[in-house]
Structure formats: structure tokens, C-alpha cells
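Below you will find one chain, with nothing else, as C-alpha cells; this is the form predicted alone, and questions on how it binds or moves follow later.
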Amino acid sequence: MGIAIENLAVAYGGQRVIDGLELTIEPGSFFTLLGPSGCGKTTLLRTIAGFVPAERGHLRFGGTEVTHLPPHKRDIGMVFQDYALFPDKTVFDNVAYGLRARKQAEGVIKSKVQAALERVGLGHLGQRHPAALSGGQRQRVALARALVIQPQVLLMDEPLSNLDAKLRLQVRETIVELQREAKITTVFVTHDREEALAMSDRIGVMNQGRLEQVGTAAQIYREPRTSYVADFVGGANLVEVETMARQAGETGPVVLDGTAIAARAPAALAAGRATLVARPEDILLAEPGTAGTLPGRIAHRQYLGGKTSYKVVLDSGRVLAVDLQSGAHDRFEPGAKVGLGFDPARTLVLAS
């Protein structure tokens, strides 16, 4: 069942937080709302859930209007950041809670709960209490509780943020596997770019209560429409340049510190100031004076295992981040002069 949001407006204390938002989420897809704290992503999720009222607009699940329905009538499953488990109930009873609220028979409840716990790898822990579980196990209990009621829509609010790096990866994989298996339309909120890119069918990048861009992970990463998206999703280098007018998709020169660099324009541009977008992994280092490169100096080098990260200072004083695969390029020492090469197929120029 898909989700359709039309002209949505939400206000807190008379202040408009979301205004005129439009969004369509395909049935059975995994959709992520990505953005920094305070951008409106959790407010939007809670509005979809029914915890925050809409001031204006329409919210539909499939063809059903749910804009003014209370949460318990929207047929949603919810997974919270802090797990929200009942500490006095066993794992089994926590997962069974929604089924008992729907007055299902105890025999059916026992079968469904055990199946749900088996799916998240906790079939042997049904009689434990949450306090006896690790953080990753608690989050999987919360996931089982949300899925066992077989909701139309699954909503997840930063469910991995309280887990350490290894557990986060394990639970992330569990969530994706179960969502694909159940084919439940899922809205997932996170500020973590790696989570969003790895898990999502589509991503909506939020900025100050509006959707800055919606697309697949590859579209968001490789074809950012704005410098905000380019910077937030992957930490691109953003540099002011001069450009000539060009059509959408056209590759041509831009001028950076007096040197012409080829860059592609995803959208039509007028002549004048623009923003060069170059991801750290798309810049190459070469010997100083190499044709077609921009002169610079290595200010800092950091070995990170599979890659080596550099900070390179241009003659103008601008600092660019460069990531290279560790090994062949480690000959560039701090203080060394280098030439920076830009891949014209992956270097973008956007309106400032």
C-alpha cells in the first residue's frame, strides 16, 4: 500500500514547520527521510503516524484518506529510537501486545509471536525481560512487535542510532531483509547518510521542512540538484567558480583560481558564478605541473585502511578533501606539491 501526501502543512505553536509538502511513496518500497537534526523529518514521520496533526493537506494510504484518523486506526507499525519496550513484560508479551489489543485468540497470538521472534533471531529469548537483553536484541524485539501485527505501513524513527557500529550494521541488515520479505511500505528516518544509501529504494533529503530532492540512492549521490544535497550526502567539496552559460547535461569549462576545469551541468546554467561539486574520491593526485591539473600542496594525510584521506591547499588558500585508495598514492607526503585532476564525467557545476 502506497502513501500519498498532498500540500501538507504542519505547525508547532503557531510556527509553520512543514508547508506545502508533496510526496508519493510506492507500495512495498523502503523510503528514507534523510537530513540533519531539526530539518523536519521526524515531524513528517509523526504526522504520517498520526501523532502530530496536519494543519492542511491530505494524507492517503492507498486510496484511503487517513489525514484525521487517530494513530490506532491507521494500521501502522512503529519502531522508535529508544525501543519503547515495556520493562515489566517479557519479550513474548511485548511482541504480543498489539495482537492482544486486537483481541486475537491466544493460540493465534502464540503462533504469530513465536514466528516473529524466530524471524529476528530471538526465538529462544521469549521469556526474558528487556533489561536482560543487549541494545541490538531490544531493537529486534521492537521490530518484531511492529511486524507481528502485519501493518499496512511500517514507520521507523532513527532505530539504529543507539547501537554501536557493529550492532548497527547487523540490525540494519535484519531490517532490510525483513522489509523485503514482508513487502511492507516502510518510512525510515535517519541522519546517517550511509544508512540511507545502503538501505533505501528511494531517499528524500529534507532541509528546513521541505524535500530538497527525492530519488534513488545513486541519483541522490551522483546527481545532486543542489549544493546542500551534494554536501550532506557524501561531504562533497563545494567551490565557487565562474562558468559560461550551458544547457542541461552539457560538459564544459569552469574557471577555478584562474585554471579551466571541465565539469558537467545537470541543469541549465546562466553565465557567472556557480558552485563546483567534486567528491573526494573523484579527485586524483598527480605530480606537480601535470597537464590539466590544478596546483596544490598536501597539508595533511590520514591513513584509513582501505583509503588514504588528504587535505590539499590550493595556491589561493582553498582546502580540498581528496580520498585515494591506499597503496600506490601513499608517496604523497605532507608538504609535497601536487597537481589535482578532476574527472569531467563526475565533477558537477550547479547554480550557486
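Numbering starts at 1 and runs along the sequence shown. It should be emphasised that the depicted structure is a prediction, and the values quoted were computed from it without experimental measurement.
The next section is about a form of this same protein that is not shown, the form predicted in complex with a small molecule.
For the small molecule in the predicted bound form, the listed stretch (304-312, 29-37, 317-325, 64-72) containing residues with heavy atoms inside 4.5 Å is 29-37.
Using a 4.5 Å cutoff between non-hydrogen atoms, residue 43 counts as a contact of the small molecule in the predicted bound form. In the predicted bound form, at least one heavy atom of residue 17 sits within 4.5 Å of the small molecule.
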